[in-house]
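Here's a solo chain for you in structure tokens, the form predicted on its own.
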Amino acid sequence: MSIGHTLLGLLESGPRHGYDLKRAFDEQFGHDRPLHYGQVYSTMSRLLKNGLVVVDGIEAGDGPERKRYAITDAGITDVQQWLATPEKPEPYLQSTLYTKVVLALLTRRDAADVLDTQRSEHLRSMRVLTERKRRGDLADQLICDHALFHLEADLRWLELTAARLDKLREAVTR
């Protein structure tokens, strides 16, 4: 995810302080990985340097001065271009899980155990996501669906690989 583009997009609704941007980001996108304040302020500093935001005001407070940021026309154009650019699908051709299975076979360990352990972890994650989806709002339901679909695809791969372990063993240990 592009943190910079996301913060710029959040600024399109109006100027905000760094604290407000972090809170809005965490509410919308950071359920599992909230932003650190340092990440927000370093990103805003870079966006300011690149002319994508301006400081719209500075307020004195009990602590350090609070800068209010506003998006520039260049920032709006940048967000528009980012939104219009498709994300490259991740083909997972260098999968860590595949590497573990092959390495288990090469070292004469039980690759089926690797697959079974991973299957159990996927099923556990799916139960957690399904419960979160059941309790969540629409945004949470959609993000959980996305993750669940990926886990389901992984489970299909685990089953297919388990069915082909003997052939894979022959292919990699020749």
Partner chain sequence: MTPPAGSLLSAEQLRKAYGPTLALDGAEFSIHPGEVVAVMGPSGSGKSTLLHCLAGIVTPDSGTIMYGGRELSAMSDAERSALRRSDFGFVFQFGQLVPELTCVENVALPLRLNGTSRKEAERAALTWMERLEVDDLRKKRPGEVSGGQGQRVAVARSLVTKPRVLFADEPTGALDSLNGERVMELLTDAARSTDAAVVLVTHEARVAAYSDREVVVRDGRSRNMERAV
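Numbering follows the first chain given and starts at 1. Keep in mind that what you see is a predicted model, and the values were worked out from it rather than measured.
This next part talks about the form predicted in complex with its partner chain, which is not shown.
- Listed stretches are 66-74, 39-47, 132-140, 101-109; the contact stretch with its partner chain in the predicted complex is 132-140, by a heavy atom cutoff of 4.5 Å.
- Not one of Asp20, Glu27 and Val55 places a heavy atom within 4.5 Å of its partner chain in the predicted complex.
- When its partner chain is considered in the predicted complex, Glu152 lines it closely, a heavy atom lying within 4.5 Å.
- Residue contact with its partner chain in the predicted complex: Leu35 places no heavy atom within 4.5 Å of it.
- Contact annotation for Glu59: none of its heavy atoms lies within 4.5 Å of its partner chain in the predicted complex.
- Applying a 4.5 Å heavy atom cutoff to its partner chain in the predicted complex picks out Asp116, Thr117, Arg119, Ser120, Leu123, Arg124, Met126, Arg127 from 114-128, in order along the sequence.
- One change in the predicted complex concerns Trp82 and Ala153, whose Cα atoms lie at least 3 Å closer than in this form.
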